[in-house]
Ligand SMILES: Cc1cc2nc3c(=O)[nH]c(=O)nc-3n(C[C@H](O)[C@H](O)[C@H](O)COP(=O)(O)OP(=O)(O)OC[C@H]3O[C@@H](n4cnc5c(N)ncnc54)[C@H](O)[C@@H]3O)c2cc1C
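Single chain ahead, by itself, as structure tokens, in the form predicted on its own.
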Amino acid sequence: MRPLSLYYLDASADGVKERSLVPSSHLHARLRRNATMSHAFSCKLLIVGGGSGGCTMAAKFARRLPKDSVIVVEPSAEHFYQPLFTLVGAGVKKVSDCVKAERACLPDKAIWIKDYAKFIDPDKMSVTTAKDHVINYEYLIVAVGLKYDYDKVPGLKQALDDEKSRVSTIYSPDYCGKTWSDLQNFKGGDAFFTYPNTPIKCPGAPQKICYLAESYFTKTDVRSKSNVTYNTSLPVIFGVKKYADALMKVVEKKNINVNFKTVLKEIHPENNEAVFYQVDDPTKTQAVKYDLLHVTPPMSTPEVLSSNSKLVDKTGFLNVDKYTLQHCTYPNIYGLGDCTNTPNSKTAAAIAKQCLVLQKNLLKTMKGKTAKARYDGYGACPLLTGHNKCILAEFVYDGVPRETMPFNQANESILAYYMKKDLFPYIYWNLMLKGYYHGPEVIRKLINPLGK
């Protein structure tokens, strides 16, 4: 007989393909089947979202709670290591290097419900899925990430789906390979790279692909025939001054035009035309012709979260204490990763650090004690500035650098490039998703005890 945890509900089919039969205990998930092919579960810990944070927390608590006490709701059959998408767009990696089966990323002792969460009722302590399965929980971790709002830029989705449009984005596995094709087909002209007027995941990525593209244009002898422009909605190139100063030197050296507070409004792919507006005066627009356009799409939290006024702040993000990650109203709910309103950079490195804090605090909450562990806002962004070059930005809340290596990480480094390319993916798949990696704090104390 196969272990219970290898069975899952597949909400992509009519009814249920497989179902779990679990011992009846208040600490174990329990399932009953009703006449409409929906199911009701109960569990100690429910995790909504099976991305970086969800898988990591499932691994941590599946080891600490009785078998089948943890349920993960996640609709995707594949799990992507998204930080590598930039290198896919630059032709260094392939999409196949970034993906594993979601099942392989979840612990055997947890139950996976392959479905979308449709509604979270924090008062009844239940979650309803798209297929009307109801999951009752004692504790909830919300880790639903961000969604891409392609439709907020008219013409964007049409252009992305057109192989000949010269418009791409590295943010999706469906389109990051198109970025590489567009770079290869670029023979000179005007190349634009954009940053939207919304919070985004990995906020360094829009300029990383710009630098890598410029590097590729130089290698292929088309740079002298090209104008490279980076249009960002932000008033600065990066949120931490130390690294912003270094990056301004990079764009000056590469002769990249940078326009601040400039946002992509719409695309007319039939004319290879993009329209931008100014943040300070949205009525002020400019239409430009492009020969290559890389777009970072606007992003927001999924509707299951953004539409739930009991859980989110006025911006639609999960309302948690920025230090404890505990929900500000419901103490049995914690948040993790990109969907929360913590004022930190939304990166995988941030999630790694948050996971340890959340683990400590949730265990305290389960024992009826006060959550005391504090997240310091740590985040990291390996800013690829070219092939074999990288500025490894590390920082905490308020833009304070917190570096690990015993050298100035604002300087371009070959070592940092290969850490980004090879070391970090290894750590992600083999340590972080298994619940064993919480950031470089221990390493920092060993090799750079005086680092700031």
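Counting begins at 1, following the sequence as shown. Computed from a predicted model, the values in this text were never measured in an experiment.
Absent from the display: the form predicted together with this ligand. The rest refers to it.
- With the partner omitted from this view, the residue of 189, 91, 154, 75 that lies near this ligand in the predicted complex is 75 [heavy atom within 4.5 Å].
- The listed set 216, 243, 148, 317 contains one residue whose heavy atoms approach this ligand in the predicted complex to within 4.5 Å, identified as 148.
- You can rule out all but one of 396-404, 48-56, 61-69, 409-417: in the predicted complex, only 48-56 has residues with a heavy atom within 4.5 Å of this ligand.
- Although the partner is absent here, residue 232 lies well away from this ligand in the predicted complex, with no heavy atom inside 4.5 Å.
- Contact check for residue 83: a non-hydrogen atom falls within 4.5 Å of this ligand in the predicted complex.
- When contacts are judged by a 4.5 Å heavy atom cut-off, residue 171 counts as touching this ligand in the predicted complex.
- Of the heavy atoms in residue 115, some are within 4.5 Å of this ligand in the predicted complex.
- When contacts are defined as a non-hydrogen atom within 4.5 Å, none of 196, 237 and 292 contacts this ligand in the predicted complex.
- Within 4.5 angstroms of this ligand in the predicted complex, the stretch 304-321 places a non-hydrogen atom from 304 alone.
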